[in-house]
Structure formats: structure tokens, C-alpha cells
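Just one chain follows, in the form predicted alone, and it is written as C-alpha cells.
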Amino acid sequence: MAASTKHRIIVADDEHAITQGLSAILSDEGYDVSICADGQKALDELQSGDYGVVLADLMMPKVDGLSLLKALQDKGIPTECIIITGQATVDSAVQAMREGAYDYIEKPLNSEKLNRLKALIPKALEKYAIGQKNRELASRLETLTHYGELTGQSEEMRAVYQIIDAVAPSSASVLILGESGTGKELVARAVHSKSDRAKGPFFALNCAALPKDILENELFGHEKGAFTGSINEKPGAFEMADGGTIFLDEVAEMPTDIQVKLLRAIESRSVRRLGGKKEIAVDIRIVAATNMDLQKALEEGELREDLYYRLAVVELFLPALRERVSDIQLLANEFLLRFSRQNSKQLTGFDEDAWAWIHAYHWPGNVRELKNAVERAVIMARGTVVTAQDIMPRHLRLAAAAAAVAAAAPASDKAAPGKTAAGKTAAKPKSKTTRTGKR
């Protein structure tokens, strides 16, 4: 920690010589020091200002060090507390540490103890700074509705944002779990854009959409003449994502023999093109995703366990839309605005029936299905608002219409027992007889 950096510290002790001495020493170290002669004054000061560390004597008038520590915790004041104690109260100081104190220093404060204190304070301030950053992030996420291309302010999505913020600056591989349509690629792009690889390429590959031979070629590339028709060399995804991030969607559907080659490439940070003899070094980060039941995929051998451990350094679960219902209205309005602009329409919102259907529907296709439904509704809408008929898929509209007709039909029009829907008496089935003629 640079000595010129100012950090605010309180020294709380009823011994004038100690407060004056510590104030002089710590001020020379570059800290902004305030002095309090008792625990109550220290508590008042801590409630009115931002301090990273308080050095509190265990035995003080009005409010002692242990009571001060408890008051800080009760009031949610995040200042780190270092207890100053005499030998007779060391057990109490240890108890204070169990209750949240950062550390303790024994009196008398000789040169050895002061050197230890000088070493403790920067660490305590670092812990305070990390906590402050986390608190600021939590506060920002509390009202956040957009995070990159992701939209949502539910508790479930704020948890996703926190994981992305934590993992993005690292080089760890990330495995995103979640149903189809939840936005796994958007999460992968968010991880990339918030990392130090953001200026590098982002290469996405759907492992389930390509036949085995093409998938292998797309991943690793090929040399000229590697197979019939390969008249030019072609770099694969690993090479094209060099310096950036490669996103492997539906990785559990990759053939197991290609999974072996993928594992080798991840471990060695190099690839060999099809038909090639040399290893090509690559600097990439892997973000993978799957919508499969992970435990089942591992048990049935669809996903190799050794590859899983390489991919899932950090696991991130993306909730289904039905699990974050508080985001549905936010997303629907977001899509309405976007597609209204794209289609040059002046739509002001959804009518009550449309909202009722949107909230009642279970959205098995998740955010992707909602997005498609709103886009279709914008295109089909004839008024200034989207109606339930605009947004409901055709098969659901037909089912709803049929149900309404059936419910409205008079009782006399409904088929009676023993009659067909047309009102004719149904023929009785011929009874089957046994060989003895008995039924």
C-alpha cells in the first residue's frame, strides 16, 4: 500500500499517550487518523463517516471495545475492527475475533507490536475495500435491469450477474447450464465482454448442429489436401478465437471421440489441424453450455467426466423464464419497443387480456419463445396495442376457441350417454361370447 494513499482510521482509547502516539505513527504512514477517547464517541464518529479501520481498546468508558464491535455489526457498519488489549484480557480479545474483529494487538505497544500493527492495517483495509466493492456491486445490481445483452432484475438474474462479474476477470473455464432459450450465449458474451479478452474475438459453435466430421473440422481446421476437396488450408475455431473466447454450445452432444481431442487441446493449449503434423499454440478461454441433465449425461457417458472437470471450473445456472416471473413484463416491454422500432410501428403496449395471457402462460421455450411471440404480435397487430389474439400462437388460439365453443354449447346440443355428437343412438357393441356361449 502506498504511503501517500489516504485511508481513514479511528483510534479509540481512553489513554491519551496511546491515542497521540498511534495517531503520530499512523499519520506518518499516510493514514488519515481520528482520535476518540471512549467507545461511544467512536461509535458516533463511525456512524457519521466512512472509516476503513477502527483500533479499539477493549477496556474503555461508556462503550467498551467488545460492545463497540457488536454495535458495528448490529448497525451494519462495515468498518474492520482491530482490538487493543492488555495481557489480562487476551481471552476476551480472542472472543472478539470470533465475533468478527479483524485481529488484536496486545499492550504494551513496543516496536515489535507496532510493526505488527503496521502490517495488519493494510490487510484490514484491503478486506474493507473488497467488501465495499461487493456492497457497491450488490447495490447496483439491486436496481439493474440490463446487463450487457441480458435483461432482468429478479433475484435469480442478479445472482447470475454477480457470478459473471466475479468470474469474468479470471481465466477460468465456465460451464453454463440451463434450458433451451434461456440465453446461454448471451451469458457467454457477457463473460467475454467483461474480461480482459474483450478486444479479442468471440467465436460461437453449436456442437449439436453439425455432423461429426464437420464439427471436428470446424473446431480444429484442416491442412490443404487433408481430404478430398480440401484445396486450401482452413483454420478452426480454436485458431480463430486466439486471444479471445470460444463458446461451445450444447457441448454434451459432442461425439465422445471429439471430446477426447477437445480435452487434449484445452490441456495443451494447442491444436493440430486435420492432416497436419505441427502443433499450433492457442491462447483461448473456453465457455461451454448445455441444456442436458448434467448428472444423467455424466452417468450415461454422453459427457466425459474428465472434460466436465476441465469445463466446469465455474458452473453458472441460468434459470428458466417461469422461475423468474418478475422479469416477464420487463422482457415483454423491452421486446415490444425493439420490434416496434424495427417494423416502424407505433405500439403503446399490451391490453389487459394480452397481459393476462402472458403472465398465465408457462413459456416452455423461455426467453426465446417470448421474444418470438412479441415479434409476431408486433407484426400482426392492427391497432395501437397488442391484444391476446395478436400474441397467442395459432395452435393455442384454435385450442382456446374450441374450448370456448364447447363451453358455450347448450346442454341439449351435447352428446347424451349412448348417443353420438350428432344425436344418433350409438350402436351397442356386439357382446363377445366364449366357446360355451356364455358371456
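Residue numbers run from 1 along the displayed sequence. Keep in mind that this is a model prediction, so the values were computed, not measured.
We do not show the form predicted in complex with a small molecule, though everything after this point is about it.
Of the residues given (T151, S340, T85, N217), T151 alone sits with a heavy atom within 4.5 Å of the small molecule in the predicted complex. Comment: the small molecule is not present in this chain, but in the predicted complex one of E185, E223, D351, D165 has a heavy atom within 4.5 Å of it, namely E185. Only one segment in the set 228-236, 246-254, 340-348, 104-112 has residues whose heavy atoms sit within 4.5 Å of the small molecule in the predicted complex; it is 246-254. Put simply, L331 is close to the small molecule in the predicted complex: some heavy atom of it is within 4.5 Å. Contact between R376 and the small molecule in the predicted complex is not found at the 4.5 Å heavy atom cutoff.
Within this chain, S92 is remote from the site of the small molecule in the predicted complex, having no heavy atom within 4.5 Å. Contact check for L175: no non-hydrogen atom falls within 4.5 Å of the small molecule in the predicted complex.
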